Each structure stands twice: as C-alpha cells, then as structure tokens.
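Here we start with a single chain on its own, the form predicted alone, put down as structure tokens.
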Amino acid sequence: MAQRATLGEGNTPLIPSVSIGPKLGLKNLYFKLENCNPTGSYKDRFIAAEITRLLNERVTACVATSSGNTGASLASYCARYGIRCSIIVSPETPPGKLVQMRAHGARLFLVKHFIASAEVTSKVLATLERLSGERNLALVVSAYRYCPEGMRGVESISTELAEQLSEQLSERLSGQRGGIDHVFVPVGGGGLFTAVCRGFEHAPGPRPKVHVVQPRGCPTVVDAFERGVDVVRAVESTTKISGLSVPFDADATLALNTLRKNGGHAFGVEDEEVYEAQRLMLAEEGIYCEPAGATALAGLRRAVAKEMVQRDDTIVCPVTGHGFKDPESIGKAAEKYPEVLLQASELEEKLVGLEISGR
C-alpha cells in the first residue's frame, strides 16, 4: 500500500486585509497564510509530496540544498519518517532556520559563498548530482528541474485559493462578479510562481493574472522580463531577503516563460521595501511573517503606485514564511516599540491618557 507523508500541511487560512488594503484604496485584498503550515512555510507542501515519493521508493537517505525553509521542512519530515538527511546551506542563512534544521537532527554543511555566488552554487549542485547518482542518495531541491513530483504538491495553493475566495466572495458580494484578479508571488528560484500558475490551470473559475515579485538584488526573472529576452542570466546576489537569493537558473527560465504566457508583470523591489512591508504586516495586520513572506505585498504596493490594479479588484498576497524564521528582522521591526521599565508606583502616571478600547 502506498504511504503518504504528512504533518497536516495545506488548507491554510485566507484572510481579508483589515488595514493595509483600505489604506491602499483596495476593497478586496487577501492574505494566504502559508506561514501557518506545520514548519512555518509553504515548503511543507513540496516536502510532503517529495517525502511521499521517497517513502514509496524505499529511499532511506537524502541530500538537499536550501536557503532555509526547504531545509527546515525537510529536516522535520525526515525526522518523522526515519530518513537520514544532509543539507547544504549558506553561512548567511538566518539562525532561526538553522536551529530548526539541527533540532530535527539534520546534518548541516555551511558552504562559503553558496547561494550568493552563481559559480559556487552551480559547482555544489553538480557535485551533489554526481554523488546522488553514485551513492543512491535522493537529491532534494525545491525546483521543477530537480523534483517535479514534489513541486506538484505546491500547486494545491491555487486550488485552495479558488475554493476559499469563491466562498468568501459569494458571501460578501451578494451575486456580484467573483474570482481572483491578481496574485502577487515572491520569486527566488521561480518554482513557487510556476506552481501557482499551473495550479490555477486546474482550479475552478477564471484564471487571475499572477505577478512576479523579486528583490532587485537578485533579479534573474525581473531582469530578463524587463530586457525582453528569453534567456535568464546568472547574477551575483546582493539581496538580504532570505529565501529569495537564488542567483542561477533553477526554475527562473520556466517562471519567465510562464509569466509571459500568463500575462502577468514582473516587479523588482528593493530590500527596504520588503522590510517596510513586513513592518506593516506585523503592526497593522497582526501577521507574524519573515521578510520573504512580505515580499508579495511590497510588489503590490508598487503595482498600486503604477495604477496597475483597480479598487474593486480581488487581490491575493501569499505569506510564504513565519516570523520565527528570521528573528533578526523581527527584532528590528520591534525597535519602533521599545518596552518601558518602571516601578509599580509609576504605573498609573505612565498610563494616564492611554486609551484602552476594543476594536
């Protein structure tokens, strides 16, 4: 009997914006909380499908590359199903993600310049491909190029969105037009974007425009889109947005072709725009996300500024990763709201004038 790996991933909440959307002049902005998956990111959809494949092929060990979330998810599912895993990561990986991997018993190898340098990254992948063939190790990389069956597990995001929005809009719009108009997707390697587009091909209702949002510090897809070329070139990554620094063509060309077929747009955003979007989501929506999880919103804000979306459009921004993944960025966001140390006798004086009200 076939075995299915699961930790309860998927079926994540879809919630309407209560503050950011109205301030942007948008009536129907939604956040898809992929940070609510078991290990805190959408990568659980990929790993659940990939581990299912490994179990049914009786694989007992694997090796993987990761900028953080793939490794954290893989370590968790491997611990659950008794598969030994080794993970190659960048020394720049946020400590929260490294601790998560190690806590589940994964063997970590930090390789200098991995991820940031396209040349080093390509050499590492070539070595791993060779070793996986020689030593009967499964190679786990979150890209269609390496793990198409695992990536098909990510396509479920779109079918969930279509079903969830259909229910919510039918309640709110009372018979008016429904359906999703725009989805903004953060892009590193390009696999998530491609999976979202492919998922909508099998989802009910009209297909939305799906847009690429990528840091200017690692603009593989954005650069090719803006230059009007079909070839994605490797770059030297300077972005600090963990998870979106993929300077070589993993699924970037696939994502570029899918973007043009879909009719979406590519938005390049600065790191500070991403951090500002993260701060807004934390302080105004109560959504505890890492920077990559706020990147879709950064792209949407650009689209609003360029008048590329309309007030009545239904828009979705997936929140791809949890705030505990990157405690440093959370700490910087918290600096705006310092705690106050005082004596008990000073409390009433400090609270004078403070309005305490329900919302």
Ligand SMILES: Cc1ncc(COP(=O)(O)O)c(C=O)c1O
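On a predicted model such as this, the values are computed, not experimentally measured, just so you know. Each residue number is its position in the shown sequence, starting from 1.
Beyond what is shown, the protein has a form predicted in complex with the named molecule; the following relates to that form.
**Student:** Exactly one residue in 300, 316, 64, 292 has a non-hydrogen atom within 4.5 Å of the named molecule in the predicted complex; which is it?
**Tutor:** Going through each option in turn, the one that passes is 292.
**Student:** Using a 4.5 Å heavy atom cut-off, which residue among 215, 191, 208, 153 comes into contact with the named molecule in the predicted complex?
**Tutor:** Contact residue from the list: 191.
**Student:** Only one of 41-49, 330-338, 307-315, 55-63 has heavy atoms within 4.5 Å of the named molecule in the predicted complex; I'd like to know which.
**Tutor:** Contact criterion met by 41-49 only.
**Student:** Do heavy atoms from each of 142, 186 and 320 fall within 4.5 Å of the named molecule in the predicted complex?
**Tutor:** The answer is yes; 142, 186 and 320 each reach the named molecule.
**Student:** Spell out, yes or no, whether the shortest heavy atom distance between residue 244 and the named molecule in the predicted complex is within 4.5 Å.
**Tutor:** Result yes; residue 244 sits at the interface with the named molecule in the predicted complex.
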